[in-house]
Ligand SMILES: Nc1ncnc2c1ncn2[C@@H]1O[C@H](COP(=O)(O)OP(=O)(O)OP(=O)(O)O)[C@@H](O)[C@H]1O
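Starting off, we have a lone chain in the form predicted on its own, written out as structure tokens.
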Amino acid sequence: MAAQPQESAGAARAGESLLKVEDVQLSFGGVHALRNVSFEIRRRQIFSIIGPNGAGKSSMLNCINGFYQPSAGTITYKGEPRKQMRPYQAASQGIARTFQNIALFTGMSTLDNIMTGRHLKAQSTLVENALWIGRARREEMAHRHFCEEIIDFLEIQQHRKTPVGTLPYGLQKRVELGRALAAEPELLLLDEPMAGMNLEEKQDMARFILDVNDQYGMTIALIEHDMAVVMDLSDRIVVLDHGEKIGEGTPDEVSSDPRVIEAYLGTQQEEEA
């Protein structure tokens, strides 16, 4: 994968704040999905959001990338406070997303699905694309080369021409990750990237997440229910329960927090037993 870490505006200085969530609230009618949630994600971190089902984790990601608009609070991204953000704006500003449920074009090949992640990088006009001349042709070749390198990085070379609907579940998840990487994001939001995977598939996905973070300096915000994975991957963790933040810290700090143990980790341990 030829993409390099974003170096603009001090991105090379690890540890700077990339995204800050301050007192965010989200309501649907009388139902409070998020209540005064605050946390900060620093550049090049792997930051995990955990909690029981219904805790507000996906709602939080939806607020970050503009699917939902908070009813109160502020989200600051790259130093710019924002009151509202639409998904296309988030994408254009360097936020990419995968989803709990796979959202791929099942009749298209692996390569073509990943190519869709390059849409916002295109600069050629409609006429140039229709005639496939000049800049359109050069862009197409450059984007294809870029996506081929992502395919090599994710070790799915033998499936580049395969319709993704025929691929096993774990490989479809990998293709979805590839599509997000094709957008060259500064912040990658992963919503349960290992849900439904077997142990081997989880190990592969964990390795790719670490490589994306380590080799390319990409900041990652992760929702995941597998606590072994979360504790191994994360630099920092925030814990939600019924829309409220009940804990935050390093994996060691969170795993020893009595309130977190009572609300979530104790339940996890019982289920694993």
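Given the structure is predicted, the values throughout are model-derived calculations rather than measurements. Residue indices: 1-based, along the sequence shown.
What comes next is about the form predicted together with the ligand, which does not appear here.
K.L.:
Should the three residues 65, 99 and 202 be counted as contacting the ligand in the predicted bound form, with contact defined as a heavy atom within 4.5 Å for each?
P.N.:
Result no, not one residue of the spot touches the ligand.
K.L.:
I'd like to check something about residue 184: if you look in the predicted bound form, is any of its heavy atoms closer than or equal to 4.5 Å to a heavy atom of the ligand?
P.N.:
Looking in the predicted bound form, residue contacts with the ligand do not include residue 184, since no heavy atom lies within 4.5 Å.
K.L.:
Should residue 192 be counted as a contact of the ligand in the predicted bound form, where contact means heavy atoms within 4.5 Å?
P.N.:
It does: once the ligand is placed as it appears in the predicted bound form, residue 192 has a heavy atom within 4.5 Å of it.
K.L.:
Give a yes or no for residue 225: in the predicted bound form, does one of its heavy atoms lie within 4.5 Å of a heavy atom belonging to the ligand?
P.N.:
Because a heavy atom of residue 225 falls inside 4.5 Å of the ligand in the predicted bound form, the answer is yes.
K.L.:
Under a 4.5 Å heavy atom criterion, is residue 44 part of the interface with the ligand in the predicted bound form?
P.N.:
Flag for residue 44 set to no.
K.L.:
With the ligand left out of view, which of 37, 33, 239, 218 would have a heavy atom within 4.5 Å of it in the predicted bound form?
P.N.:
Exactly one listed residue reaches within 4.5 Å, namely 33.
K.L.:
Given a 4.5 Å cut-off on heavy atoms, tell me which of 244-252, 227-235, 202-210, 23-31 is the interface stretch with the ligand in the predicted bound form.
P.N.:
Of the stretches listed, the one contacting the partner is 23-31.
K.L.:
Within 4.5 Å of the ligand in the predicted bound form, counting any non-hydrogen atom, which residues from 158-184 show up?
P.N.:
Going through 158-184 in order - heavy atoms within 4.5 Å of the ligand in the predicted bound form - there are no hits.
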